[in-house]
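This document starts with one chain, in the form predicted alone, laid out as structure tokens.
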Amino acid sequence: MSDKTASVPAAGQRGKSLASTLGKSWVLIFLLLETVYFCFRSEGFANPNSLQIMLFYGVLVFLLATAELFVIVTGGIDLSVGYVLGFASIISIKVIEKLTGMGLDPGLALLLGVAATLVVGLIPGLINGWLVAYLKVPPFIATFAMVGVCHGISELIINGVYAMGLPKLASDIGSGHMLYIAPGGALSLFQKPVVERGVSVLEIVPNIVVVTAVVVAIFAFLLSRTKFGRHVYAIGGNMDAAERAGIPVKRRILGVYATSSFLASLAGVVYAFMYVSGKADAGASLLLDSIAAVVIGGASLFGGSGTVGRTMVGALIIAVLDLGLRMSGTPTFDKYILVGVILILAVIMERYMQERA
């Protein structure tokens, strides 16, 4: 009798352990099921070229989601990332156009233009961080106000017309690939080989995807392996305790919002190189996707938790959904509905995991 009684708690414990494992891994399971579904639903979805397309058009969400993660881990939110992206796309084109007009080499003009854009792009984040950390303005209000500021300044610069005028080198970088394989097996790095009309060249790994992967890896290391990252988690876990522990909370919050703005500005530069144009609302529709990727990836909106790796899984869920719907001929607007539903599911799973803990 005692053996049977002892086996009941043991079975219950195994059930709880299984439920906990499934709860923690539901994002990966969802991504797998979603991918399998679209492989059967959309013809050509399983093609390696489709994977490259998905990653190519997903890079903006990957960058903005990483930016949003830093802020959300502290218990804040940054609503301005989409319009900082648009602002940066315009600034980069205008600066590069001015430099090339002065006779600078296109390569040097691109390098200086990108550097100038990233420096200018820090300003919205520094203002957001100063308002939140030093003036105690709620993050929602501070960053929402910055939406209007960035949008207005961008429209004043372009006066309602798309910013254009990048040199061809920018387009070659933005739409180019790291490796090309010509018929016969000849390899070419970065430079697409010249072939006869009608002859196809195999393109492998878009340049923009490689750049994004490197940037995301750097910021993943910054958040998980450095003192700055540990302080960010501590602030999100308990700000008062972090202050008592001697952590410079205000400076760290300022740094977090500057980091968010920097990554959004980089996304703006990437947008300009990809589409060879810039516009004020270039990233407006990406705000939902970036926040959803962070929450789907398991980060708590109350702060203190979340990783770049899991956020990338959340971003991949959105990227797979986007490409799958497009390839199956489903209206694009359905994507927003489904992202909203998945976001609600993610919040429910987070609450479930908290209760289990």
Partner chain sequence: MDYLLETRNITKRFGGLTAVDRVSIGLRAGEALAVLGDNGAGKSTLIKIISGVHKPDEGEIFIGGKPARIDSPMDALAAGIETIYQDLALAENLDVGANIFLGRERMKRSLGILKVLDDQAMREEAQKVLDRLDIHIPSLKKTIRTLSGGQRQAVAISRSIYWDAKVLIMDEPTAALGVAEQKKVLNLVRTLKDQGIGIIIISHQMYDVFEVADRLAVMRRGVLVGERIVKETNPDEVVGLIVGSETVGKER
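Please read all numbers here as calculations on a predicted model, not as lab measurements. Numbering follows the first chain given and starts at 1.
Heads up, the form predicted together with the partner chain isn't pictured, but that's what we're talking about next.
J.: Considering only heavy atoms, tell me if Val215 and the partner chain come within 4.5 Å of each other in the model of the complex.
T.: Answer no; every heavy atom of Val215 is more than 4.5 Å from the partner chain in the model of the complex.
J.: Is there a heavy atom of Arg230 no more than 4.5 Å from a heavy atom of the partner chain in the model of the complex?
T.: The answer is yes: Arg230 has a heavy atom within 4.5 Å of the partner chain.
J.: Glu243 versus the partner chain, in the model of the complex: is there a non-hydrogen atom within 4.5 Å?
T.: Glu243 belongs to the contact set for the partner chain.
J.: If we define contact as a non-hydrogen atom of the residue within 4.5 angstroms of the partner, is Phe190 a contact of the partner chain in the model of the complex?
T.: Taking the distances in the model of the complex, the answer for Phe190 is no, it never comes within 4.5 Å of the partner chain.
J.: Please state whether all three residues Arg225, Ile247 and Gly304 have a non-hydrogen atom within 4.5 angstroms of the partner chain in the model of the complex.
T.: Yes.
J.: Using heavy atoms only and a 4.5 Å cut-off, determine which of Leu104, Val211, Met274, Ala234 is in contact with the partner chain in the model of the complex.
T.: By the 4.5 Å heavy-atom cutoff, the listed residue in contact is Ala234.
J.: So which of 108 to 116, 254 to 262, 234 to 242, 89 to 97 is the stretch with heavy atoms within 4.5 Å of the partner chain in the model of the complex?
T.: The contacting stretch here is 234 to 242.
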